[in-house]
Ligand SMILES: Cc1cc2nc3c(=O)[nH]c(=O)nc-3n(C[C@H](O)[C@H](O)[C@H](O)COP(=O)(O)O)c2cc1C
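One chain follows as structure tokens, the form predicted on its own.
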């Protein structure tokens, strides 16, 4: 089983977010999972420019930052783990930037309404998995 974990705490492996995340990931490793942990504070991830050129033309994002390495791992992982401190009742900026960049190159440019929520449908099918 492959797991990719993203910790967006500015404190990295020393903060409260890591205090919760570390034993969770250790349990997964002890159960035999292959775990890749990324700290957003150590990554260079530019914000999505929202041009959708990559989606419309079905090409990779023109931004050559650390998401180039992470995109394939997201597709291969069985479980995604997102750990973020709460800032004003929501995720912090680095996690939001990371999630925005997950959309492309997989998401379509249009938005659909499903179960009362709007979202971009996925054009690249990811195998079944779980998100924590």
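Residue numbers count along the first chain shown, from 1. For clarity, every value in this text was computed on a predicted model and none was experimentally measured.
From this point on, the text means the form predicted in complex with the ligand, which you will not see here.
Relative to the ligand in the model of the complex, residues 10, 17 and 87 are all within 4.5 Å by at least one heavy atom. You can rule out all but one of 88-96, 22-30, 61-69, 36-44: in the model of the complex, only 88-96 has residues with a heavy atom within 4.5 Å of the ligand. In the model of the complex, no residue of 32-54 lies within 4.5 Å of the ligand by any heavy atom.
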